[in-house]
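One chain comes next, on its own, written out as structure tokens in the form predicted alone.
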């Protein structure tokens, strides 16, 4: 007997139709949630994204090649996630397990559609079926292991990690989806009673079926009930993505695609631009680009930027993660004020959202941008905000002191000008 199974085995037609109706509803909520965030990004200055897809095929590829490579390496291969100990292993486990289950569900639905078009197009059987079932059974365990690790981390609450009430919903939802998926599989094995490789290719489901130990009638009724619970959990998960930290699934790859290859580099300001806008540097959130506003939604508050920040480590009033989250809050408040027609309620960035002391605390070492998994450019946010302060005559702190010393002594340390190069004496430059 060829190993295989029905896609909707034990599920009546009425439930199948209800399943597709709920799937459409959850996708509609997902699309509406993404649209709400997209409107926020449009507050920023245009990046002419449409230009990326205009021109010949070769010209389009030339323009998107860099972004596509970054998405493949940084998001697909998770390159920038590595280097964080067991946290890296847990994230990669969850990511690999999730992607395997997602691709497996898409393939299952493709087989269902094709087999309804013509029975000869059915491919979910034989050797493919065995490999498919075994792969998803094993990688599903990786997904659960990663989820359990992050649940444990929520209990420990590392100080650098952001915490929201919805994080518990997300992680407990993941756990419930994974566990009910295995129970559905076990109950299916109990009522379908496959033999040989058709049963052993699902080792976790087969083991769980032995634990449940139900007769065929009880297995069928239980399978129907748990299948619906599992489906509701999945649809709830899809619909909630844009409203939880899970939104980095969407915003992260989009931002990685649009991000610059070199982070932390100050964009030049031309006199024409200053004459046109009447300002130097951003004064409110609308003066950042659409790509920069998108990056605010890509942040998942992992805290890596804060952990490597020398200013934060020395108790200065700067956390790169906090800067990004404060700007994200300003973006949302600005959108709400404009929607209500209250321009006066748009929060000014300087003083209200970001204190000058926070900006002057940055050492511009680039550690935050180099460690961010989704290429958020915290340094450019800070430096361009500083640029506005300088243009407004609000230069202060060590930077102002160094400039005054340069003016009076030609030495930023306040020592005699003749001693300016003394610090180079101990260096042994390569010849």
Partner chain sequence: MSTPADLPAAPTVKENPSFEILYWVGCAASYDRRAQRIARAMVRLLRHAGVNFAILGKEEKCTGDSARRLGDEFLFQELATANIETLNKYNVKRIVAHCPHCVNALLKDYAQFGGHYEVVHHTQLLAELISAGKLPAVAGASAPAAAGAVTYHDPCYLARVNGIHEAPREVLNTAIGGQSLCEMKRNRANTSCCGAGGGRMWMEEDPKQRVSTQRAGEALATGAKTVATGCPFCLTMMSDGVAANGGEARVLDIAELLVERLGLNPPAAPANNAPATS
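Under this definition, the rigid core comprises the largest set of C-alpha atoms superposing within 1.5 Å between the forms. Numbering follows the first chain given and starts at 1. Quantities reported herein were computed from a predicted structural model and do not represent experimental measurements.
Keep in mind that the form predicted in complex with its partner chain is not shown, yet the notes after this line are about it.
Using a 4.5 angstroms heavy atom cutoff to its partner chain in the predicted bound form, all of 364, 403 and 421 count as contacting. Residue heavy atoms within 4.5 Å of its partner chain in the predicted bound form occur in exactly one stretch of 241-249, 311-319, 86-94, 101-109, and that stretch is 311-319. Interface residue among 264, 194, 173, 303 relative to its partner chain in the predicted bound form, by the heavy atom within 4.5 Å criterion: 264.
For the candidate set 370, 62, 54, 46, a heavy atom within 4.5 Å of its partner chain in the predicted bound form is found for exactly one residue, namely 370. Mapping the unseen interface onto this chain, residue 411 counts among the residues with a heavy atom inside 4.5 Å of its partner chain in the predicted bound form. Taking non-hydrogen atoms only, residue 375 never approaches its partner chain to within 4.5 angstroms in the predicted bound form. Interface membership of residue 417, defined by any non-hydrogen atom within 4.5 Å of its partner chain in the predicted bound form, is confirmed.
Though the partner is left out of this view, residue 407 does reach within 4.5 Å of its partner chain in the predicted bound form, counting heavy atoms only. Residues of 266-280 that come within 4.5 Å of its partner chain in the predicted bound form, judged by any heavy atom, are 266, 267, 268, 269, 270, 271, 274, 280 in sequence order. Once the rigid core is used as the reference frame, the Cα position of residue 263 differs between the shown form and the other one by 2 Å or more. In a rigid-core overlay of the protein, residue 25 has its C-alpha displaced by under 2 Å between the shown form and the other one. Residue 414 is among the residues whose C-alpha shifts by 2 Å or more between the shown form and the other one once the rigid core is aligned. Whereas the displayed form keeps them at a certain spacing, the CA atoms of residue 247 and residue 264 lie at least 3 angstroms farther apart in the predicted bound form.
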